[in-house]
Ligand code: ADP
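The chain below stands alone and is given as structure tokens, in the form predicted alone.
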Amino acid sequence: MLIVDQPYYRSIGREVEVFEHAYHNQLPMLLKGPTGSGKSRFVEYMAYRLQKDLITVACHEETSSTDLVGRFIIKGAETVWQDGPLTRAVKQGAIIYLDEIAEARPDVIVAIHPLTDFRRVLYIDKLGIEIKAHPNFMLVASYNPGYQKGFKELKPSTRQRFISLSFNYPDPEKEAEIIANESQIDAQTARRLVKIANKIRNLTELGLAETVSTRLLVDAGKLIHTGLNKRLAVHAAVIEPLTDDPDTLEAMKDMADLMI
């Protein structure tokens, strides 16, 4: 998919420069950071900036190497081979983005290893062939180091095959700018949403598996922009997605009501 319209992306450092150099040196890229911190949008922006096709795969616990490389399928009276998204990207010279790669099955890591070093080849065992990656091919992966710590992590040997960038939530002024731009709400309301988010992010005693992401704040902004009551928008888009514990929900809602 070639992205026609430029996605909005607010640079928070020198990540654009690093990505461009990685691309031109045919190096794979690993994006590390919490959910909703802009990793996927960044990849979309860079694909647009470089004018390259982007193939995105949302990895989950059932994602296998077969899903990425390809499989034999029945077509009429014949059995034919169907390329997977990774094979198509390797052949076409696209950027492939494996979102939350640590969630996938271990055989996915095995499949991508030859593409992450000097060989830049994809082995297709079922066909008994290897494919040399197109010069424009780039492998980009992301994962959340803090999620299910100890269970869903990448091995150091895998991490060291990538050029890496760490993503986190932007500083308050930049985050408010992003929210205002994405949701079309006024700057003052955007800043209040960021204050609520930072308050919750700093309450480590709540024991939340995930904290408030920029994405949740943008969702709240969109609800507010279309006329939903501000407090209700924050409850529905920011607080409710964080936990199911009734006491924690009530405490966060009370706090947010005072701030919005």
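Residue numbers run from 1 along the displayed sequence. If you're wondering where the values come from, they're calculated on a predicted model, not measured in any experiment.
From this point on, the text means the form predicted in complex with the named molecule, which you will not see here.
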Only one of 189 to 197, 208 to 216, 63 to 71, 231 to 239 has residues with a heavy atom within 4.5 Å of the named molecule in the predicted complex, and that stretch is 208 to 216
Is it the case that Thr56, even though its partner is missing from this view, gets within 4.5 Å of the named molecule in the predicted complex, heavy atoms only? no
Contact test in the predicted complex: Glu182 vs the named molecule, heavy atoms, 4.5 Å: yes
Please determine whether Pro34 contacts the named molecule in the predicted complex, using a 4.5 Å cut-off between heavy atoms. yes
Proximity of Ala22 to the named molecule in the predicted complex, heavy atoms at 4.5 Å: no
Please tell me which of Ile178, Leu98, Ile112, Ala104 lies within 4.5 Å of the named molecule in the predicted complex, judged by heavy atoms. Ile178
Along 12 to 51, which positions have a non-hydrogen atom within 4.5 Å of the named molecule in the predicted complex? Ile12, Pro34, Thr35, Gly36, Ser37, Gly38, Lys39, Ser40, Arg41
